[in-house]
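One chain comes next, on its own, written out as structure tokens in the form predicted alone.
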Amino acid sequence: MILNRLRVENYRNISFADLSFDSGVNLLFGENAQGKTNALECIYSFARGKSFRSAKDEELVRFGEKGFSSEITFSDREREQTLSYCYYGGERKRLRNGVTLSKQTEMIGHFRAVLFYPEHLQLIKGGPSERRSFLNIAISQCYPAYLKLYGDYSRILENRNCLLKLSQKGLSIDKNELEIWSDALASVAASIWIYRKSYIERLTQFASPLLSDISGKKEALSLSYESDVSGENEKEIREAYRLLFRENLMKEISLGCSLYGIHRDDLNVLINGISARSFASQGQQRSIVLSLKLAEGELSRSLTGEYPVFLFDDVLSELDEYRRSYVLSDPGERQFIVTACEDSGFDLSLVHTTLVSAGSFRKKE
């Protein structure tokens, strides 16, 4: 998959930009707060369906304007396609190849991208929610149905928690209704559990040799799924959750919330057999995250038949020369769009460069 073009108007500090991209490595460089990350944010929104900086649409509109528009053109194995998104006066319009899309989720799964930005460097040492978010985003791009499942789970969890909270306060609740929500939660949780377990197993197959290469064969990586339940298939997982909910109902009522489920699970990362969360050095953490991001792209290719677009936002400066070279020296079929404050440290004969200044983009020939 190759991103050919980004056209954007009145998006954050960008008044208007019409950018073309090439295969291989594309570098957007310039001083901080000039618009480099804004461009990547706009691109990635077509893969994720929303901003990775958790911004609301109204926060993306350039100061003094009433809305923004954005469009990408990309080529997959079959053809060139376009996706566009317009927000104006509180109204949203989504198009795929000129056809209106009614929901945000219908945008996801067509254009695929792997994002690596500075906050991801805390993926190992950060809390479980960060690793769950990593899994949810990566899986949903390969399996769009996963996104609906997760939305269903969140809705069911909210209803179940509401009943638990009412019971905690001593209010009368319908126990049959609580059991219905518990069974529904167990069913959807089991489906998500299977997706996650399978994805982690396949991700390990790519991430482990990548870290070995990056570390000069010194470090071995293994990944596993940390959960309160286990089983061989979806039916066993579903029954395990039902039993867990029944056995701990009074405990959950006393606290007024659901204590078990996929919203509590974690991705366990081991390096040389020990917990990376507890013992990995800063350099090892960076190598692990880099391996995971590159592996995310490799796994996407194995599932879809083509690489996603790799978006690296100001993270290569955090890597030493060897790791930067490992990423960029031989992109092969992969397309990288990289941001940096300067173009030094890059082989400019191999990199397509664009200077970014005050929301304007000038491609260097």
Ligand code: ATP
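Fair warning: this is a prediction, and the values are worked out from it, not measured in the lab. Note that residue numbering follows the sequence shown and begins at 1.
Same protein, other form: the form predicted together with this ligand, not shown, and the subject of what follows.
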item: Single option in Glu318, Asp330, Glu321, Glu31 placed near this ligand in the predicted bound form, where near means a heavy atom within 4.5 Å; value: Glu31
item: In the predicted bound form, the residue from Ser300, Ser70, Thr37, Gln335 that sits within 4.5 Å of this ligand by heavy atoms; value: Thr37
item: Touches this ligand in the predicted bound form: Arg48 (any heavy atom, 4.5 Å); value: no
item: In the predicted bound form, Leu348 touching this ligand (heavy atom, 4.5 Å); value: no
item: 4.5 Å heavy atom contact, Asp314 and this ligand in the predicted bound form; value: yes
item: Neighbours of this ligand in the predicted bound form among 42-71 [non-hydrogen atom within 4.5 angstroms]; value: Arg53, Glu59, Leu60, Val61, Arg62, Phe63
